[in-house]
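Both blocks below hold the same protein chain, though in two forms, and each is given as structure tokens: structure 1 and structure 2.
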Structure 1
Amino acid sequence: MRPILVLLRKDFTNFFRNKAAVSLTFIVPFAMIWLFGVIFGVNKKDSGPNGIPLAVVNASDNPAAATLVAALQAEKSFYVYTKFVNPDKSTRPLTEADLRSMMQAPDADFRFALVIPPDVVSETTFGLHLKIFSNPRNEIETQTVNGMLQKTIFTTVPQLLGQSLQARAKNFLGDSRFKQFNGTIAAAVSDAFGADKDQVQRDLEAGDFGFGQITGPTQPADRSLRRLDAPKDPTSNAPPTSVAQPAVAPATTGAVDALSRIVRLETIQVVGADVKSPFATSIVGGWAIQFLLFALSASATSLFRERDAGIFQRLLAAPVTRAHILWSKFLYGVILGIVQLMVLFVAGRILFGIEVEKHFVLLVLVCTFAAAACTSFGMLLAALSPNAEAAQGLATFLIMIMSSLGGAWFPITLMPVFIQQFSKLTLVYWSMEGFSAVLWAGQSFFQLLPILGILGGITVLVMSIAVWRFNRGKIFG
């Protein structure tokens, strides 16, 4: 045991002598956490994309189309362009032809565009005719934009769908039978609800199925669903012509309310309801573990430096065994790892108010097990690689894979199911589980045991392989 402690002290003396290592441990984590926080907008109330440039061409005179444009302008995920700026700074509405040429320019202002053609509602086809132009350079972004557009369209202008239905029915039934059909419905409605029969018939023909009149005055139960019809910001860049017309606006509001009546989503937070900085809490763990993997695989490769310096010869000629050398390195890695993780969490505490002090002891415990698992990973790399460069290369590759698979980059539920199975094979996944069990779910020691057991098991397994490889590998040769 004594040689291990001597070597451990040596490693720490070396560590504090090395300014780069010290700053990497104590200063860089702060900078990194802060930077990530800014990039991911941790301290904002709302998460999600912000201001994706979107060009909108409205070639339709359907009033609902103007409503849609206004709604898109109100949607904060988009930054909407509707004007073409001439060289003399005068503007005119964008046209479809503009889009094609503008989007092909290498420095295009936008990579997505929505065209509302004159035949947005036609008599010959069912549904809405809209065109989305895209330069899908980024698959995830494209998906996001498509999703956002669909959401906006369907929650803003359901009457367009109604119009589409009506137009199709008119085409199918013929003019007179169609009028007769609407008239019958209108008569039934006015009989049952006492409304004016002619008004109902006109509404039906306009595609307005009356959601607005039925539910208009009622506020939806969940305020968060009202975001889309929130009052428009007067300072926004919306051109005056596209401001929602009063005749349409109530219907829109009502329609959204109606949807929220039909599908009434009530989100009740079951876990972590009292966590102060939820987003930061859930992702700091992922960054921390990835950072730690890099730091520790670098420290494990110091084994190569010592080998190359011939120091092992001197050590092994003394009453020091290979096991002493390996376990001193392991212990060094674990201690360094705990310190580094705690520094990261303290940085999270200071910058984002993550509540580390509330579960301090358990957090240290999870950090210990996570650090041990990460260190064993570094040791295995050193055991498998012929030299420090190879180990570093392999480390970078494997850490990237483990971090993405393990959920440090984005939630694993976004990945295909068969890949999710591999997530559970990574120490990144289990370390993050441990952190969130403590910081997010506030679990007790006994509830933590399975996760600690898995991390401990990973450590034992990986270290066994590493020690076995070290004993036959080249590092002590």
Structure 2
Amino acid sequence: MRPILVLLRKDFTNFFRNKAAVSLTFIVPFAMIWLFGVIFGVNKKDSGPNGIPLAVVNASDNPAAATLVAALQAEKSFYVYTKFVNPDKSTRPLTEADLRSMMQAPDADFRFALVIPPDVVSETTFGLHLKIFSNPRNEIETQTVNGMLQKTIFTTVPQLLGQSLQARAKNFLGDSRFKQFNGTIAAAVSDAFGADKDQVQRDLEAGDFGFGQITGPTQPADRSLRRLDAPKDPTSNAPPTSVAQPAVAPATTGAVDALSRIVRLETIQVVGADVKSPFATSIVGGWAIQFLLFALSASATSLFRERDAGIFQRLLAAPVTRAHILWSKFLYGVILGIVQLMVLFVAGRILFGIEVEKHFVLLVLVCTFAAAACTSFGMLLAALSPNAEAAQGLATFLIMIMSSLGGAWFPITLMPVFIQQFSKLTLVYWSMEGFSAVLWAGQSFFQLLPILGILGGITVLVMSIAVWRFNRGKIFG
């Protein structure tokens, strides 16, 4: 038994001497758990996303349309744009004509928009007309936005639907008979429930029948028209609060289902409408860049194996400089990265139908810049680390951070707003932007230049630091 205990102590001693092994076992998992909790808002008081950019165009002069805009602005899930910023920094209200060009821009502030057209309420037909513009680059993001948007619309439109019904009734009955009809209804409600007759008639003519928003955040507390299914309170005009929720819960589902049939949501896809395999096109780029980072980081750590084998000393004895060795490693990583990325995209073409051949030249260009940025990242890790184990541990940690922050795992817009500010600092984000710009948006070379410039800038900056560190380090010693 004693020999076993001695060997066991030896193993633990060697383990704790290896700082890289200790960090991979304890520090990195702890840091990743904390980081993922922050990224996905585990401790947020309000569950769900917040701050998703949404443009809202209100082309209607209907007061209830303004109520819908206010409800969207009050919804924490959305950050609502209603203004267009002119070149001189002055602003004006957004129009429907602005949306296509703004959503197609490489640096678009939003990918979803709601348009409230002038004919939101018709005098000839019962129902509402709304338009949703979208650039659905990510399926999870799109489904989330559609769900939140429809929830807000359906919980805000009762007054608009009431106005639609009133407008149609007025068109059918004529002005005098219409007022007489509303007066009769108001008198009956007043006699039965003790409400103020004139207020009830004004509510009816405004399309507000007292359903849906009695307890909503945009409604006053002293409504004179109460829910018809609520008991009468002779001491107060405020809506009663003692009505049990389960009694009305089944009606809610039915009401939403009915609203979905009479609210016409016209969906207009601004970008990517002709993409044959949209879901695969949006996610393959994230997978590819993550695998590339791991591959090139492992390739860069091969510098330590060559150092330990004495290869560098033999090379430097020949007419070879340190710069020659470093740039050969860099070019090797770039070529390997291009080949790996293109193999993965071709695999996506075979398996999922991604249209690679249609954008082949520009895709190779983006892959070249992405591979160069990833290679420089691997070279920097090798320059900063004392040994291969430390480099691998640091690479795992940083690659997981960049992949999660950059949108390779999860849509950026569904993360907390303050976390989104760090996404644009990662090469994963800009690589995925380049892939999406080519495969999803079909942008031209000139439209790609800003993204290529950023990836090129990352490569030059990171590689410069890596070379500086290599020249002062001991890897060639």
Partner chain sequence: MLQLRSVTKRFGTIIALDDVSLDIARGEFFGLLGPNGAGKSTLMSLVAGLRAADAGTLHLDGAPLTAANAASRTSLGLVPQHIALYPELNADENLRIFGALYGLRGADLRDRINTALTAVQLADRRRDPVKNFSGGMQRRLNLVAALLHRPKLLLCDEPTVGVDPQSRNAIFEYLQALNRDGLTIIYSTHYMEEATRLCSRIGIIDHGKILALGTLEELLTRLPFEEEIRFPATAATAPLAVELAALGELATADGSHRFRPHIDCKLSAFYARAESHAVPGRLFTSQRPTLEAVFLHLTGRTLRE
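Each form is matched to the other, and the largest set of C-alpha atoms that superpose within 1.5 Å is called the rigid core. Sequence positions of structure 1, starting at 1, serve as the residue numbers. Values in this document were obtained by computation on a predicted structure and should not be read as measured data.
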{"item": "Structure identified as the form predicted in complex with the partner chain", "value": "1"}
{"item": "Core superposition between the two structures, C-alpha change of Phe291 at least 2 Å", "value": "no"}
{"item": "Rigid-core frame, C-alpha of Met432, shift of 2 angstroms or more between the two structures", "value": "no"}
{"item": "Thr301 C-alpha relocation of at least 2 Å between the two structures, rigid core basis", "value": "no"}
{"item": "Rigid core fit between the two structures: Cα deviation of Val85 in angstrom", "value": "63.0"}
